[in-house]
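The chain below stands alone and is given in structure tokens; this is the form predicted alone.
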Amino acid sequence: MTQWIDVAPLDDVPARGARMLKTAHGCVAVFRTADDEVFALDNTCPHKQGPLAEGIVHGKSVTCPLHNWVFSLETGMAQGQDVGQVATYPARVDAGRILIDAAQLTGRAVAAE
């Protein structure tokens, strides 16, 4: 069951940028494309634990700032010859606010325990 929580105004995340946002269910990296689509992913690159929220957003991808691995914002899958994946969480914009599915974030916390 989807349980949307309000995490921030859309304007808090720059176009073609990202921010780490704190929620009641833990931190999540939120990315905004040039077309104002938003995506929520775990912040840690599986390669060398680079902070993806500090990466470069291009199209619907983000490039890790440490070693240039590229991840799809839609699937979390590494692109090209690299192999790996980061978790993604349903996110959307409603009335200028970013909403994330809390049920998915809660599931992450339970799985990590």
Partner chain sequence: MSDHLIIIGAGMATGRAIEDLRSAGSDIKITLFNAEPRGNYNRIMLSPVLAGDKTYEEIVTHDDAWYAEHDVTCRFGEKVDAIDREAKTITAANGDVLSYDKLMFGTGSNPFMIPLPGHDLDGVIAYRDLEDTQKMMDLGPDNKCVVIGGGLLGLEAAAGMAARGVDVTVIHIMGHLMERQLDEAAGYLLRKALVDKGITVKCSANSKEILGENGKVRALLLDDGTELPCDLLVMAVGIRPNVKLAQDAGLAVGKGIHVDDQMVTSDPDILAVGECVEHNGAIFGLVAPLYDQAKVAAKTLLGEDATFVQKELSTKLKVTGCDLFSAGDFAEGEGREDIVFRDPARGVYRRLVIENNVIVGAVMYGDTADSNWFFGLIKDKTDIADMRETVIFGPAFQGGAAVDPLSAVAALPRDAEICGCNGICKGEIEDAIAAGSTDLVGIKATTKASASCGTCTGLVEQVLAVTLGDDFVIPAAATVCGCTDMTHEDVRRMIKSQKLTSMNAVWQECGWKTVDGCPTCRPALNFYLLADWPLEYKDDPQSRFINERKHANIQKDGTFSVVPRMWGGITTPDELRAIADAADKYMVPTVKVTGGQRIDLLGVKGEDLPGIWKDLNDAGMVSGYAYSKGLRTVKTCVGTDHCRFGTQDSTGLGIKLEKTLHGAWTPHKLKLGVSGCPRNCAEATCKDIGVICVDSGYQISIGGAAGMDVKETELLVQVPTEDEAILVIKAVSQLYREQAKYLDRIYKWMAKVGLDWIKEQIVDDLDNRAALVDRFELSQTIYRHDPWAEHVKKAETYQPLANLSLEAAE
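Numbering follows the first chain given and starts at 1. Given the structure is predicted, the values throughout are model-derived calculations rather than measurements.
The following text describes the form predicted in complex with its partner chain, which does not appear among the structures shown.
Hey, in the predicted complex, does Lys60 get a heavy atom within 4.5 angstroms of its partner chain? Taking the distances in the predicted complex, the answer for Lys60 is yes, it comes within 4.5 Å of its partner chain.
How about Pro51: is it within 4.5 Å of its partner chain in the predicted complex, going by heavy atoms? Pro51: contacts its partner chain in the predicted complex.
Does Val30 make contact with its partner chain in the predicted complex, using a 4.5 Å heavy atom cut-off? The answer is yes: Val30 has a heavy atom within 4.5 Å of its partner chain.
Contact of Ala34 with its partner chain in the predicted complex (heavy atom, 4.5 Å): Taking the distances in the predicted complex, the answer for Ala34 is yes, it comes within 4.5 Å of its partner chain.
Whether Asp42, His47 and Val83 all lie within 4.5 angstroms of its partner chain in the predicted complex by heavy atom: None of them does, since no heavy atom lies within 4.5 Å of the partner.
Compare the CA separation of Asp11 and Ala24 in the predicted complex with the one in the displayed structure, and answer closer or farther (the difference is at least 3 Å). Asp11 and Ala24 sit farther apart in the predicted complex.
Val7 and Gly26, C-alpha gap in the predicted complex relative to this structure (3 Å or more): Compared with the shown chain, Gly26-Val7 is farther in the predicted complex.
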